[in-house]
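Given next, in structure tokens, is a single chain: the form predicted on its own.
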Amino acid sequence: MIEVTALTKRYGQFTAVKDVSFAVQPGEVLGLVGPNGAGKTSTLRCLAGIIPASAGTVRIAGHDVATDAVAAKRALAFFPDEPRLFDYLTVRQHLNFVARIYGVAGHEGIAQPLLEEFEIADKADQLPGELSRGMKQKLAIICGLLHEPRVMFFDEPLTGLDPLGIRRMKDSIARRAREGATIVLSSHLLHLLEEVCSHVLILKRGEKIADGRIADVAARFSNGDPNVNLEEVFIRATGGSET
């Protein structure tokens, strides 16, 4: 469902992502990790078609993001760490607007369960300025889910959520993976990735250090320790760099 081949992203003379290849299949949740400046956000934005790759190819649900952008973007949703909302549209109006963009007929039947799932149904007629940071994040996620994307990219999805909201978000991601969605999740919270992800991709200075099933990557860096966790794997793989 996600096929990335030799992805490279340059900003002038600086190479943020260098020759990275990987694939994510339906039902898999890939944790994207790396030190600060490793190229995680640039990778996600190239995957979603928000910025163009300098080289390489990205295919989403069989569509090339560079040459068949509309079809690729119809199949995906990108959830940034900072929600981008319209100040003068209510929660309900946001959903109406997104439904018109994606041509979602009868979207009310999809929107209401999402509002209830993320517990903001009682805020449907409020403006973003009346919502907490966590509620804004939930609204942005609901907008992204409205067209029922098959591929999802999450960049720090738990920002601003309270403990109950974090639990519900983890459950929501896991459930959608079970239903066949293809998900990439970037987060500094390694315990979250260990709980939710089936696979991991580790970047350092824009290059791939390791990728594969979490158990297989852990075994590679375990040094014989059968109980090594993802945090320890990350430290060993990146030489102790901070996330």
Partner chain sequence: MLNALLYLRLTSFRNWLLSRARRLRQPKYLVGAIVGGAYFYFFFFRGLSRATGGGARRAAADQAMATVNVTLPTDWLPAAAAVGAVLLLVLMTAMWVIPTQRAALGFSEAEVAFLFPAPITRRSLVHFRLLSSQFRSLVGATIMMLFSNRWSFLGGNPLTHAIGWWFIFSALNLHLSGAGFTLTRLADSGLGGWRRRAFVLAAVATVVAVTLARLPTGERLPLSADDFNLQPLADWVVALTSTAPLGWLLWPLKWVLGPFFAPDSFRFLLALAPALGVITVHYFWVVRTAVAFEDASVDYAERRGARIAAWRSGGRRLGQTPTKGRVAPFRLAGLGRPELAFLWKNLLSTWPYFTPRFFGGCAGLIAVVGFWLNTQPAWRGFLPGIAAVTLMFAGYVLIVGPQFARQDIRSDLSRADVLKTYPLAGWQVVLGESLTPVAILTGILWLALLMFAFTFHPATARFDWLTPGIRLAFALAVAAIIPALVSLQLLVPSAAALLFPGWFQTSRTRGGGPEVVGQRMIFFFAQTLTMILAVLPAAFIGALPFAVTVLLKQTGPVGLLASGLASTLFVLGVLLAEVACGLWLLGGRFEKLDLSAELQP
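Positions refer to the first chain, counted from 1. All figures in this text were calculated on a predicted structure; none of them were measured in a lab.
This next part talks about the form predicted in complex with the partner chain, which is not shown.
Given the stretches 156-164, 169-177, 86-94, 111-119, which is the single one in contact with the partner chain in the predicted complex, using a heavy atom cutoff of 4.5 Å?
Heavy atoms within 4.5 Å of the partner chain in the predicted complex occur in 86-94.
Only one of A61, A55, L189, I50 has a non-hydrogen atom within 4.5 angstroms of the partner chain in the predicted complex; which is it?
Result of the distance check: I50.
Given that the partner chain is left out here, which of M135, V151, A99, L145 has a heavy atom within 4.5 Å of it in the predicted complex?
None of the others qualify; the residue that does is A99.
Report yes if any heavy atom of K123 sits within 4.5 Å of a heavy atom of the partner chain in the predicted complex; otherwise report no.
Contact with the partner chain, no.
Using a 4.5 Å heavy atom cut-off, state whether V70 contacts the partner chain in the predicted complex.
Within the cut-off, so yes.
Can any non-hydrogen atom of L131 be found within 4.5 angstroms of the partner chain in the predicted complex?
Result no; L131 lies far from the partner chain in the predicted complex.
Answer with yes or no whether R45 is in contact with the partner chain in the predicted complex, where contact means some heavy atom within 4.5 Å.
Because a heavy atom of R45 falls inside 4.5 Å of the partner chain in the predicted complex, the answer is yes.
From first to last in sequence, which residues of 183-200 have any non-hydrogen atom within 4.5 angstroms of the partner chain in the predicted complex?
Going through 183-200 in order - heavy atoms within 4.5 Å of the partner chain in the predicted complex - there are no hits.
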